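Just the one chain here, laid out as structure tokens, in the form predicted on its own.
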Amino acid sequence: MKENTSVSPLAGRSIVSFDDLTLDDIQTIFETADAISADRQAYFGKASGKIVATLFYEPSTRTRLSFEAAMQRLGGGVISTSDVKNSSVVKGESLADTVRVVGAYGDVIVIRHPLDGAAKLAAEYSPVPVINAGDGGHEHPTQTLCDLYTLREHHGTLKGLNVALCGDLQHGRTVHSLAFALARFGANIIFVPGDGNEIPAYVLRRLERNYHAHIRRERLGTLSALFDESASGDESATVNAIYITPSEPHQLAMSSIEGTTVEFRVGYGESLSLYVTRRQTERGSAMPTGGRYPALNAKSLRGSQFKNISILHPLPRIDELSPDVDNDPRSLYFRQAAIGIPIRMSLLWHVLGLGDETAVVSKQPYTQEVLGLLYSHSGFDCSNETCVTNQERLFASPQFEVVMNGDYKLRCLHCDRETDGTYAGNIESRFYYPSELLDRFLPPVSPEHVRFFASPEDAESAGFKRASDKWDSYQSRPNDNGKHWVDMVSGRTQ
């Protein structure tokens, strides 16, 4: 083993979202995972005296056991709450209080929770680093590390790789994290939903806004083999195709031309990965009448177009992935699961700062990068019922980024969901009006004076009065520079 005598940049850091990892961080994690795979015994004992606490509020097999095995293979100890029915949660204990207590018992907390944004709340209150092992339907960053490592190992590169994310795209947290990660590495992402469980609009907008993705609708084409035979003639057999680098030749060749129907095809020499997921029934996913769900079996993969592919699945599987492809060399899902050991050993190695045995590692405060205008005033709630801010109101303060997607929306910094900011009020005048009028006021209203509301009732209960309808006609023309309010005031101190 090559000794690392310096403290890792990841030491003491919480990993809540995949965005918490830089490209250098990911490369470092992969390089250490390579070294662990080559000589695992050389790392044993390095975590002696360290303890990982696993808090799993939802069932888990691979993630929990691989984290616990990873810590034990490093020579550390494990304390676990795998069934919250046997914990103080049943007495009404808050997540914030739980992690503050458990953080005093261990050196790092690994948490899985049914509420979107729960890992962020835990990271803000825990005295030790927190690693997100899945928060509701939001994200699963450590699974994404396993997915990327598997894809890189098999295909050699992620840039330009075609990855079809198939199944329950609405509720699947593994899909959401992986989509953001693939965009960062320049892969082509194709969404193939099942039963109408489309990728959420907020995920698409984040891909456009943060990663400059180009999104268009295409016919299934090659991917129609994932459905039954009748799907090939179905007009609804379309997918959202996201091309991160639309200037490349093969992507230009597939660009939509007015009056033509474009189908997804894999060009000569291109690789394709099929990432299959199950129905997330625990989050409300169910088969509607006449629903169609992408599934893989030996028959569907006979075509020559699938010669140079890989098959991934985060597991567990139900009926969307047939056992008759288990021994197919293109099937990587059991390898994908096994990779969880070196990847999670590597992550714990770096977060605990085990590369320098003399270093004293303290938890770094959890910070979240916000690209746009931050909005954190009380009186505006996230519209997502399963967001942690709506369940742990004493501890989770709503925080938003103001975004403009046709109209004003507030993106929750806990769960990523967008809530309509239909109305805006000015705390100086105490009037409220449709938020689109913000674009027409010159000089623009200062951000510290603006309050957003989802409805007139919300505005009036906060003590604001409806501005005269004459304001709408008076401000009917856009300002001269054509910019939106959020663009004009971005960068100002709030």
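Residue positions are given as counts along the sequence shown, with the first one as 1. Every value quoted in this text rests on a predicted model; they were computed, and no experiment measured them.
Unshown form predicted in complex with a small molecule; subsequent notes refer to it.
Listed range touching the small molecule, judged in the model of the complex by heavy atoms within 4.5 Å, from 95-103, 205-213, 308-316, 325-333: After filtering at 4.5 Å, what remains is 308-316.
The small molecule contact at Thr174 in the model of the complex, heavy atom, 4.5 Å: Close contact exists here: in the model of the complex, Thr174 approaches the small molecule to within 4.5 Å, heavy atoms only.
Partner proximity in the model of the complex: Gln143 to the small molecule, non-hydrogen atom cutoff 4.5 Å: Judged by the heavy-atom cut-off of 4.5 Å, Gln143 is in contact with the small molecule in the model of the complex.
Interface membership of Thr32, the small molecule in the model of the complex, 4.5 Å heavy atom rule: Heavy-atom contact with the small molecule at 4.5 Å: absent for Thr32.
is_contact(Lys46, the small molecule) in the model of the complex, heavy atom dist at most 4.5 Å: The answer is no: Lys46 has no heavy atom within 4.5 Å of the small molecule.
Triplet Thr63, Arg112 and Gln280 all within 4.5 Å of the small molecule in the model of the complex via a heavy atom: Judged in the model of the complex, Thr63, Arg112 and Gln280 all sit within 4.5 Å of the small molecule.
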